[in-house]
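A single chain, nothing else alongside it, follows as structure tokens in the form predicted alone.
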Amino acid sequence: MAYLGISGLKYYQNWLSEKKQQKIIGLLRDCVAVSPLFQPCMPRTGKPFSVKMTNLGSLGWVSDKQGYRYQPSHPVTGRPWLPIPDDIMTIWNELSDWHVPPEACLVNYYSPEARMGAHVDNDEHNLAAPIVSISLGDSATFRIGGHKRGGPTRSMRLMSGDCLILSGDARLRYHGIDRVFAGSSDLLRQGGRINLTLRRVNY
């Protein structure tokens, strides 16, 4: 399956019903009460990301002055990450076509001003497993390019309830979020966008 002419990029428009979206947001509120959002920063420079994040699962992705990595505990509270809720695991099982479950679910919160620069998700030991991305809240412009920085890119608008899979050729392409469309959804009380990315870290 291909989308935007890119092999391995799979787009599931409006995959989640409004009721399912609301249920997942309720679950995330409970999770954030225990594992609060924190501000990741760039290695070496310490420049903060414009997004805030937390994690679910046995491993969570962290970025700070020491580098990018997966670790089993919250960098601020020191507590283990909470398990990935069944309602989110179901999406992986339905869409990923992968034989083992994800170990990490990144929870990124985008305020209307937040962006995510072009990057490749390559901190995992297992780069063959797909990444499942779930959009909740305000719409955003997703951009994807090639396997090196620069060159042609393609973009699409992701809306609340949409799911995107990066697998095969698409798995290691540069991609990011250019813009969040403030007020395009009323799913989140405070506005903004939440992106969940489910990842298999180890073999």
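Quick note: we count residues from 1 along the sequence shown, nothing fancier. Quantities reported herein were computed from a predicted structural model and do not represent experimental measurements.
Another form exists, predicted in complex with a small molecule; not displayed. Remarks below refer to it.
Each of 119, 144 and 199 is positioned with at least one heavy atom within 4.5 Å of the small molecule in the predicted complex. Contact between residue 195 and the small molecule in the predicted complex is found at the 4.5 Å heavy atom cutoff. Remark: residue 89 does not count among the residues lining the small molecule in the predicted complex, judged by a heavy atom distance of 4.5 Å or less.
Within 4.5 Å of some heavy atom of the small molecule in the predicted complex lies at least one heavy atom of residue 110.
Proximity of residue 164 to the small molecule in the predicted complex: non-hydrogen atoms within 4.5 Å are present. In plain terms, the part of the chain that comes close to the small molecule in the predicted complex, with a heavy atom within 4.5 Å, is 166-174 out of 166-174, 24-32, 39-47, 149-157. Only one of 95, 82, 104, 131 lies close to the small molecule in the predicted complex, with a heavy atom inside 4.5 Å, and it is 131.
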